[in-house]
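Next up, structure tokens for two forms of one chain, structure 1 and then structure 2.
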Structure 1
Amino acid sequence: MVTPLDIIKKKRAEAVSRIIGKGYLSTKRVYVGMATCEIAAGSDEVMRVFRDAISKGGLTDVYLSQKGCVGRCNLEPTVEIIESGKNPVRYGLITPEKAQDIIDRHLKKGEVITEWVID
């Protein structure tokens, strides 16, 4: 008999492959905080910069996702970058201009912009 546990395990496997299908295994993953607090601090504009860079600006091999609030309220909007083989980085107080810099310097050239990093 198929139990609810069997069903949920199957659903999980399907969910994982759908996430991978969306490009989760790209070498770079970018997360933008999108809770009310982050949006109030301007994260939707930041999100747009990343989205546009991927759809129009030729930024490739990047998995972009939104996320909830991590609790770093005074440093919002936050942007996280997880890159294959490198230490993950969380940037704080990101503006659309800084987001463009992150795309040009970090994502395209691999330079971590240390002065914006929350550590």
Structure 2
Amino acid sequence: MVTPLDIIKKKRAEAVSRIIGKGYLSTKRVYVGMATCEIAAGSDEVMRVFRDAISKGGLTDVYLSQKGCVGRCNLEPTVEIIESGKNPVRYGLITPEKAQDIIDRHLKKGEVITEWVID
């Protein structure tokens, strides 16, 4: 006989599995600006570079999501990197090529690319 506690335990295990599977507990978080103005500036292509790297296994322990408008239209597309124990880094005027550099240099090697950082 299945008890209510058994049902709760099963539901909890499923929820934890979903949380881990979606990367919500990752130590690195990447947020790509996807407001309408940022999409017009090319952020959908930037997002695709990060998605492809994650899906091909080139990035591990990374949570990728979109963010809304930050009011910096002159610096779009923007990408924000948040890592456990470090200050957030915001990059501006990101192209697909720069997104690949962010993957290779910042996310894989820990090198902040200072010339692209915005306040």
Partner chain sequence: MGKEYVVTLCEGPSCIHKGSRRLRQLLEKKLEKHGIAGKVRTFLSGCLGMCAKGPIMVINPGYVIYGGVTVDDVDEIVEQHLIKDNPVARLTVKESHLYNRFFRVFGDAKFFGKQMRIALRNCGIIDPESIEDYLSLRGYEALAKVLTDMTPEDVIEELKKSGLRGRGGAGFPTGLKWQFTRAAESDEKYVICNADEGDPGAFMDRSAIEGDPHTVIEGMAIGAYAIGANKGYMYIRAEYPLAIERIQKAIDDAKKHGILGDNILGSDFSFDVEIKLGAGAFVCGEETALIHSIEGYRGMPRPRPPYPSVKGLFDKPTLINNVETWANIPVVIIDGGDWFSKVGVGKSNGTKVFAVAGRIVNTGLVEVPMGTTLREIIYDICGGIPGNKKFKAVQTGGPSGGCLPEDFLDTSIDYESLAEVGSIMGSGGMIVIDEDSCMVQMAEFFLEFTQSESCGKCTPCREGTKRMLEILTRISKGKGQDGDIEKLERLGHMIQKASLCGLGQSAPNPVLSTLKNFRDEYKEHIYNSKCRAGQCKAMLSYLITDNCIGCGACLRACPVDAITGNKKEKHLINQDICIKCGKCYEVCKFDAVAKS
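Here, residue number means position along structure 1's sequence, counting from 1. Between two forms, the rigid core is defined as the largest C-alpha subset superposing within 1.5 Å. Computed from a predicted model, the values in this text were never measured in an experiment.
Of the two forms shown, the one predicted in complex with its partner chain is structure 1, not structure 2. Annotation for Asp104: C-alpha shift under 2 angstroms between structures 1 and 2, rigid core superposed. When two forms of a protein are overlaid on their rigid core, residues whose CA moves 2 Å or more are considered shifted, and Ile8 is one of them between structures 1 and 2. Taking the core as reference, the Cα of Lys22 moves 2.5 angstrom between structures 1 and 2.
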